[in-house]
Structures are given as C-alpha cells and as structure tokens.
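Quick heads-up: it's one chain on its own, the form predicted on its own, in structure tokens.
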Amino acid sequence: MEFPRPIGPVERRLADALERGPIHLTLLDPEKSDPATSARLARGAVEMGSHGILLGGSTGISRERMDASARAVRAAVDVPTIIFPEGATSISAEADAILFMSLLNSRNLDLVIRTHARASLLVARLGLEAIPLGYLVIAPGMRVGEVGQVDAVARDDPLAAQGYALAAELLGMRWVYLEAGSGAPLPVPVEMVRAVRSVLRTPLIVGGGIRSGPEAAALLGAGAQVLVTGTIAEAEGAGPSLRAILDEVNRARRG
C-alpha cells in the first residue's frame, strides 16, 4: 500500500528548521516590485535571518512576471522561493515549491478545491513541489477576504478557528495558515493563536498585520511557529521594523 506523496525537499528543509524553533517567511508581490527589486528585498530579508521567500499577493499575476521574479529571487538567495498562489496563472516552474492551499472559509468552491483540480496536473507536469496547506482568513481579512469571498472568522471566535484548523489537519493538510489580511490594522488575536495551536500537530503559520517586535513576540509566545510579513518588507525594505520582528524570531530560536 502506498500512502500520500512524501514530504519534498523544500518542505523538509522548513520542517528541519522548525525543529530548532520558530521561523520567518518574507512575502513579496511580483506586481508591486520588479524582479530586480524583489531580489534586493529578498536578499536583505535573508541577511537578517528570514528562512524563505513567498512570491504572490496580487490578483492577476502573469506567469511571465512570476517566472522573472522567481528566477531573480532564486539567484539572489539560498533559501526556498515558494509561490503563494492567487490562481493558476501564477504557477511557475522557476520557483522551488508552491503552497497548494485551500481557502477553507471561502464561499467560492473554486478557491476551496476546483482551481486545485484544474491546476494539479500542471503542477505535477512541471515537477513543482506542492506543500499542502489549509488557509484560514480571520477578520478583518482585508483584500484577500474580499477577493476570496470568505466568511471571515470573527476575532472573538477561537472555537471556529480551532474547528477549521483541525479539520484541515484531519483532511491531510500538513500546514495551517491563519491570515488577518495584508495591511490589517492588527494581527490575528493572540488568544486565537493559542487556541488553534492547542489542537494542532501540524505547524501553524500566522500572517497579516504584524508590524513590530512586541506583536511578533506575543504571537510566538502563543504558539505561532511561522511568521509571515510582507507589507513592511515592501514598504521599508530591510528596515528597523523587519529587523525587530526577526530579532524576536531569532530570540525564540535561541530559547
């Protein structure tokens, strides 16, 4: 009997890094930065300690743009370059892997499974490593909540977040991502992160609205194992806000 596909080299690298403590991923939008700028931002983030680069964010990213950005970033850094997809057009063989993620609380079945069904054969044909992930939008959700047609989980409803997260794990998704939305005024509530972490065995990713060291420290203390930041990296580059967040990640890794 053969069980589902084994963990690929990129996912294994991230999992091995998690054995030593929390990690950080930097999210860059190929539509907001040209390939050379993305490469420069990625290099600065990695020099500060970021463990991987996610490429995605906007709707309608062309394959040509994703190809060029992925090539530039991979040439600039020695950490994984992973597609954070907004649709099938953003799939690129130039990246190391793709987050094969289901938007768990979307009303649009395309974003829950139908797009995945259409894209799966292309992902396999390209030999692109797929990392199965349950993606859950927490209020306010921002642009991803609108485009994703989500019923956002209320910030005071940790039980709902627990249910979605555990369901994703039981369905075989190997990572769970709590997303407050790019540019959210506040991150996912600490109490919700703590509640979700208490029911999961899979790694827990938290992103959206993380702007400071104290916010990062609170989320890490509540059980977040991967922090994702994008807006501050694109706005400030390898500036003081990103450094403060990465300082907290590195502090947690040192124990």
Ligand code: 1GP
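Computed from a predicted structure; not experimentally measured. Position 1 is the first residue in the sequence shown; the rest follow in order.
Missing here is the form predicted together with ligand 1GP; even so, the following discussion is about that form.
Taking non-hydrogen atoms only, residue 177 approaches ligand 1GP to within 4.5 angstroms in the model of the complex. For residue 181, a non-hydrogen atom is located within 4.5 Å of ligand 1GP in the model of the complex, even though that partner is not displayed. Residue 241 falls outside the set of residues with a heavy atom inside 4.5 Å of ligand 1GP in the model of the complex. Although the partner is absent here, residue 230 is a contact residue: one of its heavy atoms lies within 4.5 angstroms of ligand 1GP in the model of the complex. Residues with any non-hydrogen atom within 4.5 angstroms of ligand 1GP in the model of the complex fall in just one of 205-213, 189-197, 66-74, 38-46: 205-213.
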